[in-house]
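One chain is shown next in structure tokens, namely the form predicted on its own.
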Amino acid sequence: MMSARIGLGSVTRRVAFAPVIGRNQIALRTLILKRGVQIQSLPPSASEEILNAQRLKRPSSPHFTIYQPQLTWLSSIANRATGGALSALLYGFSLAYLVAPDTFTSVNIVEFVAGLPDYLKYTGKLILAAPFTFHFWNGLRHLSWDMGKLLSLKGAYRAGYAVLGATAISTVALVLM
């Protein structure tokens, strides 16, 4: 018999002697090919190596370098950067004051700055004023978005240019004080 030659002899016998209701189920279960899967336990380092090898074969997703720069995402990145820089400056000064309170008193800082040349004073003021004013004005822009205003593309760009203009004007005003 041809079925016996290809290894289906026991299947046909089971189907032939099974009750009518179960014949279709037995035939379907036995005809579906099953493959043997060998499982072996791997140490965590080996599974991490396999995962890293798989990650190397994955395609990289597009990065912002392929997109045309837009005012909205540039100002968002700048807002995060200025916020981080201002926070680092505040925490750095606070920790320095805690470590050496006699060195970082107001009198010592004023005397130190008074001894600097004018171009360094203005440069220092510019370095401090520009991120502060940008973060301030862009924070107001974000608050307007939270209130549901200026959410259209045109409104977002108008607010972005207004932030840049207000930043420039207020930075110059703070530097010249």
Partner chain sequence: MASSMILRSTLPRTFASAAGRSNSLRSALQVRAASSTTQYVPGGPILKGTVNDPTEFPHPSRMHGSYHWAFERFLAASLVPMTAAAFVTSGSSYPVLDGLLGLSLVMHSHIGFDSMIVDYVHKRKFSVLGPILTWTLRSATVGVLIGVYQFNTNDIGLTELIAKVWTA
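Numbering follows the first chain given and starts at 1. Keep in mind that this is a model prediction, so the values were computed, not measured.
The discussion below concerns the form predicted together with its partner chain, not included here.
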item	value
Heavy atom within 4.5 Å of its partner chain in the model of the complex - residue from 56, 66, 151, 120	56
Heavy atom of residue 41 within 4.5 Å of its partner chain in the model of the complex	no
Residue 100: touches its partner chain in the model of the complex, heavy atom cutoff 4.5 angstroms	no
Non-hydrogen atom contact residue 73 with its partner chain in the model of the complex at 4.5 angstroms	no
Interface membership of residue 77, its partner chain in the model of the complex, 4.5 Å heavy atom rule	yes
Residues in 121-140 with any heavy atom within 4.5 Å of its partner chain in the model of the complex	121, 125, 128, 129, 132, 135, 136, 140
